[in-house]
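Next up is one chain by itself, shown in structure tokens, the form predicted alone.
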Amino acid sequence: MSETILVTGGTGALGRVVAKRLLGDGREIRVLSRKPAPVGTPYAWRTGDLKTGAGIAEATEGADTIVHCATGASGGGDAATTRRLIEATRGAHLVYISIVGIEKIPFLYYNAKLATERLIQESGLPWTILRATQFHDLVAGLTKAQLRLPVTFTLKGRFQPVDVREVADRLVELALGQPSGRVPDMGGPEVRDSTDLARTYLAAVGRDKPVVAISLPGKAARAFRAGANLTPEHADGKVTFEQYLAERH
């Protein structure tokens, strides 16, 4: 009997890798997107919008597993969109990707992710939640966005960047397995100072300029400086930041 798996956010940085990894073995892989299906897509495309609920019932109908990768830029609407997904779902195993340390770091985005976790846990559906550290792409993007400035600023603290492909592999493993609740966190192979990572990126793109770490006030910044975003005991990733950059530059 074939399995039907729906991937929300299936065109995003993580979701598109998850969907690709899930193809094969007779599975029907559905991708939920607001955009129309591209020509030649290998997926059972479902056009829908989690913000409005349009097309969600049709997308979830008959799904055995849902890998929920969709998220907003600020996360502010994640709980509402997840509630719509839950209401439209009938018994599917819901696999959710979250972020390490969200209960300790009161960023608005992290608060939204924590609220979404609680919705899933209280949904009555079988569920699995994986928390991961920040992706290499995000850490690199923080420096890339400042390339035109004479100085690069970083938030004082440390990161444990992980490769999005390795997180996708773990999500696929969880999606093909049994509901497991909160599974162990997943982090990158190294804990690195933010200034070190910024200088590494600048060197990779051939730029040499000052890097300044700034210490912001507030509980969120203090938690970040204390390492609440890290999970050194779960340094499961293998791809280092240098290896990630070498592939792209």
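Residue numbers run from 1 along the displayed sequence. These figures come from a predicted structure and were not determined experimentally.
The same protein also exists as the form predicted together with a small molecule; that form is not shown, yet it is the one meant from here on.
Query - Contact flag, residue 160 vs the small molecule in the predicted bound form, heavy atom cut 4.5 Å - result: No, no contact at 4.5 Å.
Query raised in the report: Heavy atom to heavy atom, is residue 109 within 4.5 Å of the small molecule in the predicted bound form?
Result: Yes, residue 109 is a contact residue.
Report task. Classify residue 14 as contacting or not contacting the small molecule in the predicted bound form by the rule of any non-hydrogen atom within 4.5 angstroms, answering yes or no. Result -> Yes - in the predicted bound form, heavy atoms of residue 14 and the small molecule come within 4.5 Å of each other.
**Report entry** residue 94, heavy atom within 4.5 angstroms of the small molecule in the predicted bound form
**Finding:** No, no contact at 4.5 Å.
Query raised in the report: Which one, 173 to 181, 86 to 94, 150 to 158, 127 to 135, holds residues whose non-hydrogen atoms are within 4.5 Å of the small molecule in the predicted bound form?
Result: Selected range: 127 to 135.
**Report entry** Three-residue site 9, 48 and 70 fully in contact with the small molecule in the predicted bound form at 4.5 Å by heavy atom
**Finding:** The answer is yes; 9, 48 and 70 each reach the small molecule.
**Report entry** Sole residue of 99, 140, 120, 79 within 4.5 Å of the small molecule in the predicted bound form, by heavy atom
**Finding:** Exactly one listed residue reaches within 4.5 Å, namely 99.
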